[in-house]
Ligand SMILES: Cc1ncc(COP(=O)(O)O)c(C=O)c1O
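One chain is shown next in structure tokens, namely the form predicted on its own.
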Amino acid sequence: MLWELAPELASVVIPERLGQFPTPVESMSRLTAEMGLAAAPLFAKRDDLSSPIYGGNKVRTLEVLLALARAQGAQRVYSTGAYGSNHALAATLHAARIGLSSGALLFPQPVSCTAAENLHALLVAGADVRPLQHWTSLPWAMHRLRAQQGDGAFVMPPGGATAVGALGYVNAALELGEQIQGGELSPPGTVVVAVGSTCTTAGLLVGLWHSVRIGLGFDRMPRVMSVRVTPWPVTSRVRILGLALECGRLLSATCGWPAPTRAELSVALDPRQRYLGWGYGRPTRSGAAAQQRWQRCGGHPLDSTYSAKSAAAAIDAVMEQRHPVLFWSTKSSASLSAWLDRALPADVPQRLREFVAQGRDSA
């Protein structure tokens, strides 16, 4: 939708068609009824269904970034992140669809079943995985990789968090506005989304601001409750707003759209630390309780690293605010069984093999 409203963006990038959009919006009425809050609706924006191959929020970003990689003549795209990176797996599976090879620079994280499954699938899919000793070595590793590979490689920052990458979620916010206008849900007063690399939140802020500006579904900015699944300063207010402002300036320079100010976006942004627990990849009691409640009320599966923590925040938001709340489901719900049924390649480094085994044992 964004490229229809702003055709000038074709001079920057023309997205690949990787996902199935619009993703549906579902009422969580069984859950709110159980809570005795039928008058305070909770909706779920099912971006976990964005692709049957591998969905989640990364697909929207990759539609833009993989297209940009091809336009720049790259033959291989490299992702960066933790061992269980959703972005790395999504990039590998979707890059292959458009003729690009893939790789990943990955650093250790706490063991979990979900992370181990992601890594297993990534390794079986044939990505050039380069393990790092620690996350602090990532900037140097990215610099060295670019120097080694030259123009043939397109190296993405964690989560694809660039101004161009954020355009995917500017488009998502406009999609939501269209769904509101079509009567699929009431305008939410709060949008709850997990924030790990900041790209999704930054794009949503800009897209929601423009939705209000053009009167698409919203007459005022909703609060964007960004639930930290990675710690400060990675998900600091300054970094989120910085990326959002950069994205807004890109739209302004390319299309002539007015750019939101820092103050306008800041008043809508509500980062939440309390759901993070002991850190990235570590489950929390509130997340586990949200998983159980979600499942009991017929909701879609949640994972402990991302969606369970943001779902816990969404439940609390309904209780606290008593106005419509939208939970943005960002973790893919596509089955990985076809990849998990295959043995790891013989040349997989021992430390990665051990991580996969530990995750399997923790299931």
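Being a predicted model, the structure only gives us computed values, none of them experimental. Don't overthink the numbering: it's just position in the shown sequence, from 1.
Separately, the form predicted together with this ligand exists; it is not shown, and the next lines address it.
With the partner removed from view, the residue among G103, P260, G287, G196 that has a non-hydrogen atom within 4.5 Å of this ligand in the predicted bound form turns out to be G196. Proximity to this ligand in the predicted bound form, defined as a heavy atom within 4.5 Å, holds among K309, R60, K45, K331 only for K331. Using a 4.5 angstroms threshold between heavy atoms, N86 counts as touching this ligand in the predicted bound form.
Put simply, T200 is close to this ligand in the predicted bound form: some heavy atom of it is within 4.5 Å.
Of the stretches 207 to 215, 246 to 254, 188 to 196, 173 to 181, only 188 to 196 has residues with a heavy atom within 4.5 Å of this ligand in the predicted bound form.
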